[in-house]
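One chain comes next, on its own, written out as structure tokens in the form predicted alone.
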Amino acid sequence: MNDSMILGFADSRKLATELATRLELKCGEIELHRFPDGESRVRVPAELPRHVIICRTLDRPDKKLIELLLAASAARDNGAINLTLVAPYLCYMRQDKAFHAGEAVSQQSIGALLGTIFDAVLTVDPHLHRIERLEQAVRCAQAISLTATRPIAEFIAERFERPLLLGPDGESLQWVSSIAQGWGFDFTICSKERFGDRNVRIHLPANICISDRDVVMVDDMASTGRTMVAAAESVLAKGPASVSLIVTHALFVGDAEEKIRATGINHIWSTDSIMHPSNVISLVPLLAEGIQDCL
């Protein structure tokens, strides 16, 4: 891997450095300057090897995507032949169809953009529901969707003897079942009624016994937190021993974390796909494996 190098923006310096150390690669920083009018100037190292890996998680994505485009272009202009994007959180995967006339299907639009810029894209637990594989959205030579289920399961197993894993809605089934079945955990899935972006109602399965159990709510992301609030309140009413929340992507928009903690939940945990105080699970080993597959 002597012809490879990892680059990171200032906001992804920690991830880039840890990956470079683990993979024994050189590491450089992408310099960023924002002009008063809002435009950005991006600068990469002047001499780059054949294979360049750019690290940046894509929460709060609109500015980041433009800067990523500029960085990729500059990398190719300065020697990179093969470009890989490592984005632990991949933005705009939610809107996978036009729910109303005239809506943009952002998954296809952003996926196509990334597919033209990069030769490979690695991400973790992307928000895919109506497609089965990341390559259906991101059309490049290698579109790799990793999953955090193993490190999450290991984390849970270290802390609880007999946890009950709970998915807040049907969309969480794929993560919850994968974690539970691989480790012999009990699990159940709730049903959800959505009345808007911030108004949901959660229904627990009628036949599940929660009393005196350590309940661990698991999902791919926490955004507004309203789903987690509703789920936590429903679970806490049943007398569990403890209630914890663990997510791959800690978006926690606005007062989301505050609202969840106000329910009386015991723990909020997340991976480090997005920097947040709740980060307890490193994705570096998982991402390093994925990069090695690309190389």
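Numbers for residues come from their place in the sequence shown, where the first is 1. On a predicted model such as this, the values are computed, not experimentally measured, just so you know.
There is another form of the same protein, the form predicted in complex with another copy of the chain; it is not shown, and what comes next is about it.
Site residues S40, R60 and L69 are all in contact with another copy of the chain in the predicted complex, judged by any heavy atom within 4.5 Å.
Note that among 167-175, 108-116, 210-218, 136-144, the stretch whose heavy atoms approach another copy of the chain to within 4.5 Å in the predicted complex is 108-116. Another copy of the chain in the predicted complex comes within 4.5 Å of a heavy atom belonging to E103. For D77, a non-hydrogen atom is located within 4.5 Å of another copy of the chain in the predicted complex, even though that partner is not displayed. In the predicted complex, another copy of the chain sits within 4.5 Å of a heavy atom belonging to C91. Contact annotation: T224 falls within 4.5 Å of another copy of the chain in the predicted complex, judged by heavy atom distances. Residue in contact with another copy of the chain in the predicted complex (any heavy atom within 4.5 Å), chosen from A262, L65, L236, A241: L65.
This chain lacks the partner; the member of Q181, T188, S191, S73 within 4.5 angstroms of another copy of the chain in the predicted complex by a non-hydrogen atom is S73.
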